[in-house]
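In the structure tokens that follow, a single protein chain appears in two forms: structure 1, then structure 2.
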Structure 1
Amino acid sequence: MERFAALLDGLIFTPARNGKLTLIKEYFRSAPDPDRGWALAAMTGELAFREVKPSQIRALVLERIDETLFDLSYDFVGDLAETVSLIWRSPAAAAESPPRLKDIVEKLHAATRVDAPARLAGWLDALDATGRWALLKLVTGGLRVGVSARLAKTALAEWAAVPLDDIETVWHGVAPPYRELFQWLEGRAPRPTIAGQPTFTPIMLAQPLDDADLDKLDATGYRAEWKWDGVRVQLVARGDQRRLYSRSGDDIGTAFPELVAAMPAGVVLDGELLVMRDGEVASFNDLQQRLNRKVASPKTMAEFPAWVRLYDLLESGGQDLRALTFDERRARLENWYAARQPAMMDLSPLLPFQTWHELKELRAGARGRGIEGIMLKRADSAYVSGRPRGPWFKWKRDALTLDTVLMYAQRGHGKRSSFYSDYTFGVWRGDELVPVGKAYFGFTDDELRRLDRWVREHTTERFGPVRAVTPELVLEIAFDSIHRSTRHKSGVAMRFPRIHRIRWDKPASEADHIDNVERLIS
């Protein structure tokens, strides 16, 4: 447990992704089985306890320390687990030696609500302050150490020197404490079998394409379809099991139960998740309403009807189709779709074109809702996980831009922690600026240094790591689209905002007005 506690303690203080990876890899290297498997489960959100309530923890500590002193301390510290871990007095000779993570998991799972507190007290006596803190965070389900499931899996992949895709592929076929997973990664056992399991297949991604690259490609060898502005998903139905996965392999089925229920058996499909009303793709913001909820109510399902527009067929009737060409898979997808007519799904149509010029015209005309650009797929391309160079391209619509004024700057993390590198910018409403977004990339290191100096020299106010600046610097912001949002003060939210150009030359008074922003809302 001490090692796991030290890991959590390190993670909570280490903001940079690379630093977190280093700490997790070191843990996988040094911790024994099955403790490291349980730790992995805790980090990927697959380990939960409901046996201990905060009120029981408070009761335990008040058996040992004066209530007034506890309350004064809690008041100062502000977090129950932290206060208890710091204030707890172990008896001079602890009755037990410090528990291992596996002891805690096994014994607490076997414990009842009645005997769990006594177990917990014994462990609190045996651990030091950091161990107690980690234990309390673990049993009350509040790890929050800034590690996503994906980061934990990335650390696992880097530690074992295997591609992340390999981990994702077997992930839903293995269970905590992942003994067979670690044995395979250490070369002590074969790869865990996933046949018949509704596991995720890492998806195939496209390379970005510039207009200039186009002429190097042979138009007749490629197929084109719209790039829909939703969320890429994978539908897996094997045996009687069905799953809806996001592009990173997270199971998002509980948020879209109607889609899961409607999935015909025996297929793996690749598609775009959308909100669809009367055959029209709704805004990305509408889709966000569904994605933000872990569980969908009947009202939400009716208000934001979910839909999948199908791109590809990876498996059918137990047969893996990924090695076939795109044309062959597409033919099978069309046959399958015609035979089943599944509810809440349709096919993403292929775009007819002979020359790049024709396709360019199609693209230029595509200002409709829900279209982000065009996907180009080589007719003979196999379905290969990851982002291979060559077979698939995404050719996005031109980005939109706005001239905005820098309002606040915030210090970055890690390598950027001495720089003001996160920028909040606004546009004019009358003679007042309203913030419309935040960007922290799109500039070179030299520009960052210059921006940082400018921020330091034009500071008007400081709030912790944030500085307000005089409204004098124009930032040209590029973004993919802009939507209405109730979660932002300005009422709008941008997708992928980045600094396109720093307009050192342009007076702030010539920056855009909120009316211009309204016009760009899709």
Structure 2
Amino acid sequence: MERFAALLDGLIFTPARNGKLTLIKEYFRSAPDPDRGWALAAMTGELAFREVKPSQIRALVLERIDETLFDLSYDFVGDLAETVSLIWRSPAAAAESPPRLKDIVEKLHAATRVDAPARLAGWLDALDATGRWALLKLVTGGLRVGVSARLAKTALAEWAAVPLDDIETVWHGVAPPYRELFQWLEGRAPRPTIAGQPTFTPIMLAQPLDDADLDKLDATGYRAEWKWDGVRVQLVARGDQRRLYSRSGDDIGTAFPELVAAMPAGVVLDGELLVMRDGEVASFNDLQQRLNRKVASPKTMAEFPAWVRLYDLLESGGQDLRALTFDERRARLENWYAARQPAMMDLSPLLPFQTWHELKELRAGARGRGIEGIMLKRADSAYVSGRPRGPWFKWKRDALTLDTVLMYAQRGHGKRSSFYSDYTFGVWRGDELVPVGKAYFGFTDDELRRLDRWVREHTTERFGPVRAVTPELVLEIAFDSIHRSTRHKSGVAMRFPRIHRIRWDKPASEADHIDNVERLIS
């Protein structure tokens, strides 16, 4: 555990990507099995402990620390794991020696909610402050050290000197602590066999495109289709097994059992998951009613009928088609669809155009149809994982903007735990401000420091890590769309809000009114 704690500590204080890769590769080189496998699972989000909850951790620390002192410390630090690790009082002589990572994982998986807190307390006694912090980050499932699942897999590929695609290809055919994976990468065993398993194929993604970049491209070499406002998915049917994966490789089939049951055999498809009613695509807000559920009831399936609009054919009849050009794959997809007419699926149509001007006119009407924008795909492009520059572009519709007033600020996490970096903002309803969204990005480091100072100087009330502020600062918010919501006092909720500009110059009285918001509702 001490070695894993040192890794996390190094990662959180190493901002550069290459530096993080170096730290992870060194850990894979030096850590024993199965510790390194469990560490990989933690960094890729494949490790969870249902036996430990933040409330249990709080209860543990309150057995040894005065509640008021803990609350004050938590308010100042802003992070539960960091607060507990620093304030924890261990006995004069620890009853246990520092545990290995494998011991923690194995014993917690075997524990119940009744005995898990006692095990956790013993480990907290045995570890130093850094070890306690890492332990609590591990068991609560929020490492927040600036490492994505893809970065961890990239480090694994670089450490073993194998292509990242090879790691991605076998990933869903292996399980933590990945003994067979590490044995293969070290040349001690053959490549894990995944033949016939419904494994995930890494998704191909598009680069964002600005209007200014469009004229640099040759219109005759690209195909265009709508960028539908849903969730990118992959449908995999091999043998008698079927899976529905999100773009990150999460199995979401339990929320959409009707789609899984409708998958034709022997195929891997790329598409967009939508809610469809009478041939019309419903709002993303409707789709969220399904995405937020682990199990879908018959009533939910009837109210929010799922649909997949197909983009690509990656595999058919056991044949991998990804090396073919887009035009060749599209022709095969159209033939495959025409022969089978699968339920709850249709084809994403290609948009006819000759010039970029024609495509711009089509894009201008995207918002009125609930479409995110346009996808551009080079006719000769193979299907490759990741986000290569050139083959595919996403040309999104223009963002909407509103002038809002800052209402609340909350401490961030990780490197931002000492800053008020999460902002809730609202618009006017008469003389009252009503919240319409929350954003935590879109500003520079210098702007963050200035915002943090402003929040501290204009605080009116405190609620734990949250501060209410005087309604004086105007934030211009850019967002993708806005929908009605029963969960917000204003009755609306923004999608993908980010701070576009900080209007230090604008009086709060001139911020937008709820009537302006109502006119923008999708």
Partner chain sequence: MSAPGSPEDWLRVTANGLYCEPGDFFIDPRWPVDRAVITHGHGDHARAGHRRVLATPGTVAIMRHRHPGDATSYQPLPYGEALSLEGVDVKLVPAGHILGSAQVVIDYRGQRVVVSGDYKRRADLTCPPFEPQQCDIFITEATFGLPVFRHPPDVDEIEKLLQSLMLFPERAHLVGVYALGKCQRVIALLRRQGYEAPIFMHGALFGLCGVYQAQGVPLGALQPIGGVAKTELAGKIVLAPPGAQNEVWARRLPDPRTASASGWMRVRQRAKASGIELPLVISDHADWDELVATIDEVKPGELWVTHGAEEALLYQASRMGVTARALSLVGYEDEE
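Just so we're on the same page, rigid core means the largest C-alpha set that superposes within 1.5 Å between forms. Just so you know, these numbers come straight off a predicted model, no measurement behind them. Along the sequence of structure 1, residues get numbers from 1 upward.
Colleague: Does the form predicted on its own correspond to structure 1 or to structure 2?
Modeller: Looking at both copies of the chain, structure 2 is the one that matches the description.
Colleague: Core aligned, does the CA of Pro15 move at least 2 Å between structures 1 and 2?
Modeller: It does, since the Pro15 C-alpha is displaced 2 Å or more between structures 1 and 2 after the core fit.
Colleague: Quick one: once the rigid core is lined up, does Leu156 have its C-alpha move by 2 Å or more between structures 1 and 2?
Modeller: After core superposition, the C-alpha of Leu156 moves 2 Å or more between structures 1 and 2.
Colleague: Looking at the two forms, how many whole degrees does the smaller rigid part turn against the larger between structures 1 and 2?
Modeller: Domain rotation angle comes out at 26 degrees.
Colleague: How much does the C-alpha of Ala41 move between structures 1 and 2, in Å, given a rigid core overlay?
Modeller: Core-aligned C-alpha shift comes out at 7.0 Å.
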